[in-house]
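Here's a solo chain for you in structure tokens, the form predicted alone.
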Amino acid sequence: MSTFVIGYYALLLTASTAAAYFNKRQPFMMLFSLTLVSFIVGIIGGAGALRAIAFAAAALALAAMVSYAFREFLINIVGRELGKELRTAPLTAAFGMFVIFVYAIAGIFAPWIAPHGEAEVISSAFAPADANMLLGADQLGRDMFSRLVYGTRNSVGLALTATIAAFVMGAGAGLLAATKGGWFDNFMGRFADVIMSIPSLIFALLMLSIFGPSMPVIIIAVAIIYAPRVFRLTRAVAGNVVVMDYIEAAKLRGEGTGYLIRREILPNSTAPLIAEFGLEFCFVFLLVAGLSFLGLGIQPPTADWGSMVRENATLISFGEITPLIPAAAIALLTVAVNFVVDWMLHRSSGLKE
């Protein structure tokens, strides 16, 4: 039995005993369960499997520490009321906010962070990583790290713009339909049903095949696809607000539709709409990445994560993980946004821990 295995089990048993002694039930159950799982996995997979578990546990512990520190940092720089809300955020939500912050910094300051241009050829095709290229080169000899950083701006920026367009269209129509009611409400509801009945990927491929794969066409196509989803949620949320007494009082005062939407309905519908914005961003982000992977999204030589996976997919046959790096960047942002959205939905639901 190696020194690593002895030290690994000794550390787990010591931490489990300490948690039990200080009556920390949840840490004890987690640590002792990890000890039992490690014992079974160690018998089957040996020391290599235990090293993998130790690496995963260390990565989770590091993520938890970073999330806690980032949450405390936010609490200290924001106002008192917002700080109280942030203190109730779980570590998963704090981790999501940290990831979003890192992506935002990478996208905004991409020209200063990336050591090379996004289309600059600096080496041979599929050159290995070295001091000049942290992640190696792609199929044309361009720096993968630089293209990954620029891809943050392009991929996330396009998805965010398309989400905002879909949200403005859908939320605006939903608020107007809930306020006016009648034939306009019925017409918008049936129109949204028709759009939603068309498969999103097929609709996007049809639009891009007809008008060409340019960024304005992608934004318009995605906005048309996802605006009906936003419309239905906004209509449902606003429909519960327009029947309130203060809305009737505002109507009796002679207030117009614009005032009712801007001052009465929208402020009381903000929480679920913000959460819906995060969910819609995830859907749009994945759709845009899928279109780029199919060759109908952001066009070369512009860096984009979906196209980067397609361009370097042949490396998977040789055991290289290079194509998985932009795929992991897509997955990480999607999971991070969902962590934050889950916390916001929990807050808006009024449930207590």
Partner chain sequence: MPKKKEVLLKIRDLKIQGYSDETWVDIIKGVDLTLHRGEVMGLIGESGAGKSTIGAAAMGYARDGTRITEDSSIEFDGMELTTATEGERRALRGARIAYVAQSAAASFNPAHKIIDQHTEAPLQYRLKKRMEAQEDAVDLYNRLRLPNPAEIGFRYPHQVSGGQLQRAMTAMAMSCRPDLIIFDEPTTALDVTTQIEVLAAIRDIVEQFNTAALYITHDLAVVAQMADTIKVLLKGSEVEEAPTAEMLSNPKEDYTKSLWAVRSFESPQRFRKEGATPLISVKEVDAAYSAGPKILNNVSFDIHEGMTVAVVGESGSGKSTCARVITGLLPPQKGEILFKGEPFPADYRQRNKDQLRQCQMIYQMADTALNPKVKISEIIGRPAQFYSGLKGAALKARVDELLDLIELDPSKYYNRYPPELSGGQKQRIGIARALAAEPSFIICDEVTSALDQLVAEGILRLLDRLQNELNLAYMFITHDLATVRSIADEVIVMQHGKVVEQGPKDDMFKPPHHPYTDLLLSSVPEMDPNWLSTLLEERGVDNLGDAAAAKIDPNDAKIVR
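Because the structure is predicted, anything quoted here is derived from the model rather than measured. Residue numbers count along the first chain shown, from 1.
The same protein also exists as the form predicted together with the partner chain; that form is not shown, yet it is the one meant from here on.
**Student:** In terms of non-hydrogen atoms within 4.5 angstroms, which of the given stretches 244-252, 154-162, 125-133, 218-226 touches the partner chain in the predicted complex?
**Tutor:** Careful reading of the contacts points to 244-252.
**Student:** Classify Tyr259 as contacting or not contacting the partner chain in the predicted complex by the rule of any non-hydrogen atom within 4.5 angstroms, answering yes or no.
**Tutor:** Although the partner chain is absent here, Tyr259 would touch it in the predicted complex, with heavy atoms inside 4.5 Å.
**Student:** Just to confirm, Pro199 within 4.5 Å of the partner chain in the predicted complex by heavy atoms?
**Tutor:** So Pro199 does not count as contacting the partner chain.
**Student:** Under a 4.5 Å heavy atom criterion, is Asn268 part of the interface with the partner chain in the predicted complex?
**Tutor:** Flag for Asn268 set to yes.
**Student:** Quick one: is Glu118 in contact with the partner chain in the predicted complex, heavy atoms, 4.5 Å cut-off?
**Tutor:** Looking in the predicted complex, residue contacts with the partner chain do not include Glu118, since no heavy atom lies within 4.5 Å.
**Student:** Could you tell me which one of Asp138, Asp185, Glu276, Glu264 places a heavy atom within 4.5 Å of the partner chain in the predicted complex?
**Tutor:** Spelling it out, the residue with a heavy atom inside the cut-off is Glu264.
**Student:** Since the partner is left out here, which residues of 67-98 would have a heavy atom within 4.5 Å of the partner chain in the predicted complex?
**Tutor:** Read in sequence order, the residues that approach the partner chain (within 4.5 Å, in the predicted complex) are Lys84, Arg87.
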